[in-house]
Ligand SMILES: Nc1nc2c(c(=O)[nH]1)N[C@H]1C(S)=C(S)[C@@H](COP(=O)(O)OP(=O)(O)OC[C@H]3O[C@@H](n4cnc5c(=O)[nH]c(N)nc54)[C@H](O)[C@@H]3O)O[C@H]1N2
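Okay, so here's just one chain, in structure tokens, the form predicted on its own.
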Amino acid sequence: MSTALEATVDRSDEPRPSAAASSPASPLVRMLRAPDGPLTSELLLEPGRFGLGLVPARLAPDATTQMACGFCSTGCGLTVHLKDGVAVNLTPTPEYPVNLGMACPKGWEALSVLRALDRATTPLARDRNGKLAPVDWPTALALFCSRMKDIQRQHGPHSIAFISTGQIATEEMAFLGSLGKFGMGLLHGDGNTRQCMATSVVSYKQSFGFDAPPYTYADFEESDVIVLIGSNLCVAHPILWQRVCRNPHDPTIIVVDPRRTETAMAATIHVPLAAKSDLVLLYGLAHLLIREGWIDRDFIAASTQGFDAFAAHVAEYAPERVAAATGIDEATLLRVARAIGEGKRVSLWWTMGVNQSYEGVRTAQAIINLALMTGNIGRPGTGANSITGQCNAMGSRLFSNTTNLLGGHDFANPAHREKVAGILGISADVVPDKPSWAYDQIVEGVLAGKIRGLWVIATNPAHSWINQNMLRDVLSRLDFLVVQDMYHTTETAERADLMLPAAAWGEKDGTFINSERRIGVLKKVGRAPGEALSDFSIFRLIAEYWGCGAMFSRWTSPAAVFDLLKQLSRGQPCDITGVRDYAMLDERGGVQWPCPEGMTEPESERRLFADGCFYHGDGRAKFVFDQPAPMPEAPSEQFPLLLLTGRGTAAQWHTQTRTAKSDVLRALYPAEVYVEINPADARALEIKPNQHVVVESQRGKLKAKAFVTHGVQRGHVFIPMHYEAVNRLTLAHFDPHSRQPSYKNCAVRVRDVAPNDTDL
């Protein structure tokens, strides 16, 4: 073990941590040094060594072990192969109920991205010359606590905040949210799942009474009609597309998307609507379903409320009005409505094309309304189904302690606060009585001088947040920015005052929860490089140095926290008290919630609402609807084109923090930023294929290579979201209900590169 980890802190210019935290004889340091201590296995790898290192003793040197993939929300099972105690290869797990022996390029390369040479291996602190320089852990922890506490003393307890992630284990999310809110006394902390899933969360809560995706992946194989809305499933979730391809019923596949995506090209019907006219289209389909009698009146009467008002609302959306707004002819509208109305097992699916919209919540609820009015929910092959983005976004939604109190409870409910406090053995007085600000409100809080310290964990907002130039300015205004990540080279980490090196997938234990509510196991098959620690261990160390370690005395390991999460879920729709332990999850290929105590033999595939009962007090689902809103920034004479963003290829992931480390993955996507443009627009602008152009909005500009294609409509352009420059262009506007950013539309122009474009 590095002797740096045993050192005491002695900085004359900063408050010293308490003796209990800094003394070499303290319980904390003894815990770090104890042969059987829970943190020891992370500290045995000598500083500077890269690679996975030796695996924990509980795994045989030449064993194989299975765990959930750490990339997207599909949650595939991967089998890791060990040789001489080192993880050397992986293969998809044949019997795992999610992927059935398949893997996408990212899954195959999951080990290689851990070996990157820019892994963070030691804490880094900004020195007097403004450079990030290595420091030992005691120095880093003392600096974290002294600076954050000083900000709180000067500006109030809520002047510090955190931005978390859907990438870390559920147990780590719970620890972070509890440490921040119960131990450190801050109120505001949100996750980057706000960027991908907030719309679905709010939609399900308002419609069903709880954030409850109702489906199982088997529904892809059991539907006779599959409707994909704002979802390029082939690229974004390729394993789920393979599940569609396994469907034996020759399903009608309807793709609603402005672009002629890979998925749209494989569809039975492609509905290339005008961008952001989804809500009008869906109301128009509801109008036709009612007009033609293609609805399930028995289900509506028994299991829903508000249908009559909804029917009156959509009466205004006659085919001619919808055709004018969407650009879809009336015959196609009727064809789509007929397929939904006459289908026996219709499933409707959406992803970011719906969620990342200024009216995403009402659009998602319009999809839910179609399922409710036709009785397509609770049965095999049906459902109103949101597909998540990040590997553990569902874990974040239920257990991150940000917008929901742990276990899907409500901060504003006194009984819920008492329940959570009682289970955790803490005073209910430390549990906030209101949720955090949303991500964008935290950003606004920094601009207003109300948030002065920010802790960013496993996310890269300097790349991913909307209107990037503004966000980078916001980060520069902070008194203290801490970034905790597995790489020290992210755009956000490079701006940090303190960088904490974290372990990655495959270097720690815990659980993920995927899109279909399946809890899968995350395993430590190797040690993180240098002095990097799991996020769980970093939170535990900070609790000790902060002085609230006693509050978390039972939070000794991820497995111990999982037992707490089980208790917190008791009686909730997401009840998992029937999950015995990690071994049970391993044996069964994951378990879908709910799995209450007494459900000893949960089926491999389970869907919700089979009994027609929902989570509102009256047991009914609600029809929720509203008038469509105008586009916040429509194309204009100066900026005549509409920019769409989205997934590029199956080999790219988010900000490419990990995928860019793999030689294999980099070879599978264009290295250079490109912009898709319709041939008619290209001719009008005298742009040739592969010509370098400038794409410019009111907020910024970037250089890209022109890809002339009929895949985008005239008046639209498309740039993949993965390239660092794309969010220089996007407009910071948000759904008013979910506070989710609307990445999918802003006005731009495309022009030739000029001599004065030296800043590109």
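Note that residue numbering follows the sequence shown and begins at 1. The model shown is predicted, which means the values in this text are computed figures rather than measured ones.
Beyond the structure shown, there is the form predicted in complex with the named molecule, which is absent from this document and is the topic of what follows.
The stretch that touches the named molecule in the model of the complex, counting heavy atoms within 4.5 Å, is 385 to 393, out of 385 to 393, 201 to 209, 139 to 147, 682 to 690. Using a 4.5 angstroms limit between non-hydrogen atoms, residue 704 is distant from the named molecule in the model of the complex. In the model of the complex, the named molecule stays beyond 4.5 Å of every heavy atom belonging to residue 370.
Proximity of residue 252 to the named molecule in the model of the complex falls outside the 4.5 Å heavy atom cutoff. None of the heavy atoms of residue 116 is located within 4.5 Å of the named molecule in the model of the complex. Residue in contact with the named molecule in the model of the complex (any heavy atom within 4.5 Å), chosen from 326, 403, 490, 537: 490. Checking 524, 287, 237, 607 against the named molecule in the model of the complex, a heavy atom within 4.5 Å turns up for just one residue: 237. The three marked residues, 408, 443 and 738, fail to reach the named molecule in the model of the complex, with no heavy atom of any inside 4.5 Å. Contacts with the named molecule in the model of the complex, taken as any heavy atom within 4.5 Å, map within 209 to 244 to 229, 230, 231, 232, 235, 236, 237.
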